[in-house]
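In the form predicted on its own, a lone chain appears below as structure tokens.
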């Protein structure tokens, strides 16, 4: 049982691969760190494992189920099993939505329309990541980067994924917010969540991850 990338090769421009023949396995209940400098391909790796970017070569499998490579048309059920938190919360959040609407996006995308269910789930998720009821009524331009990243983490956890991928999640955050979000994820890992976190922050990875790979 794991999220596995085997022999992954990929990039954004043909002829210039930033990920080359990389093998990685994210296991339940563990945190795997990937270290590397900015621009080395860490984000490309995350997007391939998140089923958002088609590898040029290699395969991604979720608990033994290989993802079809035909334009990466992964079944929705597979996509929901992998959550992602990106580096820049403002680029990852629709500015027209309230934080409640942002963090319940996966539930609404899956067809949930019951307002009571959505509100209850929003309250539960917000409590886990440290967002108040008043903050949930605001839009992205009305909150700090740290508060918005908390909402993005809640969104990534909303569908109860088996795996969480963190792409430089704390790069834009202060130390206290970083510690708070790492603590939230730690509690989820204790419940069996498998986590991949990529960063150029070696001290953070040393403190957080069970294992750190340095493929670049």
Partner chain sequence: MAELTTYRGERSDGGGAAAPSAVGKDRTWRPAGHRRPGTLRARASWTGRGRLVAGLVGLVVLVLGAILIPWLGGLDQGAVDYTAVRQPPSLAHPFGTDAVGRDLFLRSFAGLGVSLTVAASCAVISTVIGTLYGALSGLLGGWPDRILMRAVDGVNAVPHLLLGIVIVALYRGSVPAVIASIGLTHWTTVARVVRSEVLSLRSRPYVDAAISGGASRRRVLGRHLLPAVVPPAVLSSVLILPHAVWHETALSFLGLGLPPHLASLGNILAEGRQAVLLGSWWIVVFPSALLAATTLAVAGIAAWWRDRSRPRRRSEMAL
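Positions refer to the first chain, counted from 1. Keep in mind it's a predicted model, so treat the numbers as computed, not measured.
As for the form predicted together with its partner chain, it is not shown, yet the points below apply to it.
**Q** Would residue 116 show up as a contact with its partner chain in the predicted complex if we use heavy atoms at 4.5 Å?
**A** Although its partner chain is absent here, residue 116 would stay clear of it in the predicted complex, with no heavy atoms inside 4.5 Å.
**Q** Does its partner chain get within 4.5 angstroms of any non-hydrogen atom of residue 128 in the predicted complex?
**A** Answer no; every heavy atom of residue 128 is more than 4.5 Å from its partner chain in the predicted complex.
**Q** According to a 4.5 angstroms non-hydrogen atom cut-off, is residue 30 in contact with its partner chain in the predicted complex?
**A** Because no heavy atom of residue 30 falls inside 4.5 Å of its partner chain in the predicted complex, the answer is no.
**Q** Residue 84 versus its partner chain, in the predicted complex: is there a non-hydrogen atom within 4.5 Å?
**A** Because a heavy atom of residue 84 falls inside 4.5 Å of its partner chain in the predicted complex, the answer is yes.
**Q** Suppose contact means a heavy atom within 4.5 Å; in the predicted complex, does that hold for all of 94, 139 and 144 with its partner chain?
**A** Answer is yes for this spot.
**Q** Which residues from 101-117 come close to its partner chain in the predicted complex, meaning a heavy atom within 4.5 Å?
**A** Heavy-atom contacts to its partner chain in the predicted complex: 101, 105, 106, 108, 109.
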